[in-house]
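Single chain ahead, written as structure tokens, the form predicted alone.
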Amino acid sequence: MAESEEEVDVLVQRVVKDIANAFKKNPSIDEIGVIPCPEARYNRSPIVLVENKLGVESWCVKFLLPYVHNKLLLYRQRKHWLDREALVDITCTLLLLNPDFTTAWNVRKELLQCGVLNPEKDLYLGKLALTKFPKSPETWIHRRWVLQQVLNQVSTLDHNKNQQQAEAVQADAERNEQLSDRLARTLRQEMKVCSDAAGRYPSNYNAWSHRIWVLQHMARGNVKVLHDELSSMRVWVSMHVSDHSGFHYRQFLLKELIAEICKRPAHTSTSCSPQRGCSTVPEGSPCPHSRSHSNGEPSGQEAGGEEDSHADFTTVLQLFHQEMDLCSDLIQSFPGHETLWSHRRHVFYLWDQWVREHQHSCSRGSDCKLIHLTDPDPGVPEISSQSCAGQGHGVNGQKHASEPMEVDGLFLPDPHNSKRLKRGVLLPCPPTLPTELSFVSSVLGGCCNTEQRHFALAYRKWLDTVIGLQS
């Protein structure tokens, strides 16, 4: 093994070159690691490349890391000159061994801004660093900075395109498609990086926070992406039932989806709507609850608004119903996990708050019937937990109960409406205080786990003191 300073320098320079050559030889490296090897046993490079895995023998790290660290500090202090290629190689080696060295990321920011590096290359380096250090905060911070540069480039291109609208339309369409494909590809890659990092480190707050940031900046308002994320995460949380961060991410997705579903254009005046909270109609148009015909039939505009409102309410109700079903399945399959009970509490609280927020905005609905979620007997026949059609046999023209239907002040569409009857949509039963108390009782009835019993009793106490008193 090299002992003198000159020999160490030669050794380390060779290792740095070997790492750079490994990436040139195999640009598809997808994981890095340190191979336990206390001393050099063979006269060969300590860099091992097997398939798409890159390993560094541990004996050389104690020489390699101080060398590249000091070289970079001397460069920043303007005491040592390094060309751009050397800077790229040194920062790459340093960040693969210590990704929380902020100075190295800052140097790469400068190289990216002057065009020496491209964003994809830096994202790739960060991805490799996260395979060894999945919680590295500096790596996640740098990824967000790089992604912001990508978004700025797209915004700049869009602005330039708007200034040159007289030019070829076909070229603009192709460019837009390329930009859209690039953003979609980057979004998929980021979701994959976050999933891998979350799987390598439990409750990886940095990875989940980054995933939320990506959706907020790269997929804002994209309901399809939010739906896909919520669906794909179902399997992940089922395999990580103690990961608070993963369930917090589902809560974020649920809130974002509801917010997007309930959004209305801001340029129109608002009026009451059963499900969105407030529907919008142009200024000066008649009240959406007024009848446009003497026979009581709703106008086309009103009917369309009711159709949209009903669809929105159904979507929100299905989201909450599916999430509560997931909670029930996991709680019964994996007893004694506090994370699952905390998630159930949060989801039910979200539902309760969503209902209450729409109570006043929907209180003027004239074609609505009411049933209170917290009433154990709302005056309707008992309906299965899988679906509820409103009132008794409320579809296909069969008998309807005449009692009002309200969801804590949130109005459901009138089942007597002929248009609604033709659709025959079966709504899932909304979560209610009685059904939650019944669920807790069923858990306690067959409970053999001490922790499960403790969490169930705590949840029931929360229902009685928080939800019960509010009702």
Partner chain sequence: MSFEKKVEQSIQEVMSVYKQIHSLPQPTLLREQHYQYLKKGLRHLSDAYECLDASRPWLCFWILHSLELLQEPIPAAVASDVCQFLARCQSPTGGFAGGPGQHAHLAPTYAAVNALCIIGTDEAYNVIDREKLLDFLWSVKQPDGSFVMHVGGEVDVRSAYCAASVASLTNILTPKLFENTTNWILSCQNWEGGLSGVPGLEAHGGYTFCGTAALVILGKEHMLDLKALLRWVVSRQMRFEGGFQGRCNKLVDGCYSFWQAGLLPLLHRALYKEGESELSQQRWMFEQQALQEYILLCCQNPTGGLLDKPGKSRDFYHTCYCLSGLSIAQHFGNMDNHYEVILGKEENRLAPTHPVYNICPEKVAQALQHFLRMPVPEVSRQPGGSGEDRPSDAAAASSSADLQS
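Positions refer to the first chain, counted from 1. Note that the structure is a prediction, hence the values are computed from the model and not measured.
Beyond what is shown, the protein has a form predicted together with its partner chain; the following relates to that form.
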item	value
Sole residue of L230, V150, I141, L111 within 4.5 Å of its partner chain in the predicted bound form, by heavy atom	I141
Partner-contacting position among Y124, W236, Y75, Y201 - heavy atom within 4.5 Å of its partner chain in the predicted bound form	Y201
Heavy atom of I212 within 4.5 Å of its partner chain in the predicted bound form	yes
4.5 Å heavy atom contact, T315 to its partner chain in the predicted bound form	no
P66, heavy atom within 4.5 angstroms of its partner chain in the predicted bound form	yes
Partner contact for N70 in the predicted bound form: its partner chain, 4.5 angstroms, heavy atom	yes
Stretch in contact in the predicted bound form with its partner chain, which is absent here, among 113 to 121, 141 to 149, 190 to 198, 319 to 327 (heavy atoms within 4.5 Å)	141 to 149
